[in-house]
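Take a look at this one chain, the form predicted alone, written out in structure tokens.
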């Protein structure tokens, strides 16, 4: 698909489908739109009247244009109240328009939308992101893909000539989101710890990042007993992945992003029962997918003065004669001991050693992402990720970055007294606490493996997968987290 910007106005454009945005309760046609409606023999006004179009956010309507017009279809999309328009509104409008145009079998599409805060570059990028993400279809594992209709060949953003760089940025960012989606969507016999390591190597080779893949014996030398305890039952070797983006100049800030990389989680000897969602445990590497997706995007976008480390302790949590038992005691790489009272709380064990590794790099801030707890889904639902951090400044940075990116975070409490439920008689701590506040105690567990570095934990168990079609994609992996991470890095 050729996605481009042009100075052409909606009055001058011709092609299969033309989309225009209208604000809520401002659907009276004036100025250029009135002239366009006259040119189209009153089609726009007729559509507004027929469907009682009010311009509410998320609303849309389309119809055929008759009379041998140079435009075959007209698409209306609601933008909500003008004072409430944000980049996310343009992103969703672009996504909605792209889906309608595809359904209408348009090959050429023109889009005329207003600017957000008079920022042409940011507006063009947001619209392009919505289009790219909405049109992505993952048909890798279908022998006969359902999508056989006409494809959008050309999309032009009208009145945005000169914003070519914004389109390039959007496509680079979306390439990272799409990588994350495809990693999460692939089954565990396709994406393994080896696959994740190979993906990291491919990103490094293509975009010039530094890469280090630690094998089991190297992890043993570093004392990563928590990570290796999880890995010991799998026939596949664990891979500790460390990618580094280094800017051309001297970095002003150094950051670390850690993603949970469980390519399949059986639950271990505390096996997940049927009906618990075990068949979806291919998604348990959603944090690693977001981390690698962010690495791919950042490597192309090239922030000028920020060094970024991308880390994942990748493995499976399986069952065999070598599996860790409930009651075992593991020693993490910072010397802290952990009594295993549930082998299905394994992600935090891999993150523990990854956090210790990251802090030793001397970074200024660490963010980890993990599909860590069902408790977070119960608390915040499927669309919102939980955010825990003892550092208010870092938490605020991430909330701002997520808002700009169009992803939802909610800051959760670090209730220190809840850690009492994780104290062990025989070790420094247990790996799980009581059922109440399970997402909080998981965050408190991770906190034991960070000393002085600013740190935040994102539990993305809910939004990593969509059971219903949303603005940007059909049912499936969402690539959640990539856009927030990229936004955070550039604002750092």
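These figures come from a predicted structure and were not determined experimentally. Positions refer to the first chain, counted from 1.
Quick note: we don't show the form predicted together with a small molecule, though the next part is all about it.
Contact check for residue 156: every heavy atom lies farther than 4.5 Å from the small molecule in the model of the complex. Within this chain, residue 284 lines the site of the small molecule in the model of the complex, having a heavy atom no more than 4.5 Å away.
Under a 4.5 angstroms non-hydrogen atom cutoff, the small molecule in the model of the complex has residue 461 among its neighbouring residues.
The small molecule in the model of the complex comes within 4.5 Å of a heavy atom belonging to residue 342. The partner is not drawn, yet in the model of the complex one stretch among 322-330, 178-186, 112-120, 366-374 has residues with heavy atoms inside 4.5 Å of the small molecule: 366-374. Residue-level contacts in the model of the complex: of 246, 408, 216, 272, one residue has a heavy atom within 4.5 Å of the small molecule, and it is 272.
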